[in-house]
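Quick heads-up: it's one chain on its own, the form predicted on its own, in structure tokens.
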Amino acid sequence: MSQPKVSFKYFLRFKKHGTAIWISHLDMVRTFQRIFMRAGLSIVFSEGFNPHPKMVFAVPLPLGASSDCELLEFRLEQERSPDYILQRMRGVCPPGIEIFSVENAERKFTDIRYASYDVYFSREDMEYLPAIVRRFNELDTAVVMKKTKSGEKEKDIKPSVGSVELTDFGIKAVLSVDSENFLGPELFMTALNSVGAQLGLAPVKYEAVARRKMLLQDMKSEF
């Protein structure tokens, strides 16, 4: 019986901005495969008929959103210091991908329960946001239609919302990224516009979304 291969687990933190916000999840996997190859780092692949790189992104990021706090877990065939890995990878990243730290993977991504987002709006839509956010925060439930594999279903997204605050650019929202209560910015905006419709307001549309922090259960401590 063959012995399992020894591998060494790390995670890296990176920013995704500029033209890179339009790189899909599958293309991000391929992008990082190329980064590891160019950096001369031997990433571990699964075994079998269809081997794939042992890489895991912490939380899905919507296409078109930027982020200051993306996380990737990966395994290498050889043990390297985090600083060595960082220096090798930094110089071979494409525009819009900025790796800023590498660590030994001593924690689990399942500790991440929330993410903080900045949602930007036009000056015209900013006029309607105070009434919408005020009403949303007053509600006990916020039911929207969510697409699932078995069709559309009603979902109360209010338990998945940690907080919603007005800012000078739009909204700062803390949303659940737990697998059972995951709430992305798009569905969150659907709920806000549902509230706006109840107030007789036209739909508002965000201009940009930026993920700023990955948070633990207390919604304050960063991962």
Partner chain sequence: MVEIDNILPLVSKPGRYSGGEYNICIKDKNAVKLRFAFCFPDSYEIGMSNLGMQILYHCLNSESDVWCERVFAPWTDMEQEMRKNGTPLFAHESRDPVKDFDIVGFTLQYELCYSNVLNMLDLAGIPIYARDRGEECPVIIGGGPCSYNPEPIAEFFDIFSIGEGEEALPELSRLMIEMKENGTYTREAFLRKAASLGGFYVPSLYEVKYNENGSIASFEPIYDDVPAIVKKRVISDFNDPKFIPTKPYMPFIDTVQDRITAEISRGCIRGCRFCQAGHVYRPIRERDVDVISDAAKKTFENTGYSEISLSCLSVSDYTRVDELCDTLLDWTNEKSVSLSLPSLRADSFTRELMEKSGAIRSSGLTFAPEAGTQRLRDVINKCLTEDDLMNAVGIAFDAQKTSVKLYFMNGLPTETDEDTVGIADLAHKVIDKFYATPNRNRHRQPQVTVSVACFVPKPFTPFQWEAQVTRAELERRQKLLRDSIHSRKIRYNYHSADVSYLEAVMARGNRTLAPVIAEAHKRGIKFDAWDEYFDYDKWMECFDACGVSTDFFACREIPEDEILPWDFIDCGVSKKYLLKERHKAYEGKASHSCKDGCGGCGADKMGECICRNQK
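Everything numeric in this text was worked out from a predicted model, so none of it was measured. Residue numbers count along the first chain shown, from 1.
From this point on, the text means the form predicted together with the partner chain, which you will not see here.
- Cys93 belongs to the set of residues with a heavy atom inside 4.5 Å of the partner chain in the predicted bound form.
- The closest non-hydrogen atom of Arg30 lies within 4.5 Å of the partner chain in the predicted bound form.
- At a distance threshold of 4.5 angstroms between non-hydrogen atoms, Leu63 is in contact with the partner chain in the predicted bound form.
- In the predicted bound form, the partner chain sits beyond 4.5 Å of every heavy atom of Lys54.
- With the partner omitted from this view, the residue of Ile23, Val204, Leu215, Ala210 that lies near the partner chain in the predicted bound form is Ile23 [heavy atom within 4.5 Å].
- Heavy atoms within 4.5 Å of the partner chain in the predicted bound form belong, among the stretches 149-157, 126-134, 93-101, 108-116, to residues of 93-101.
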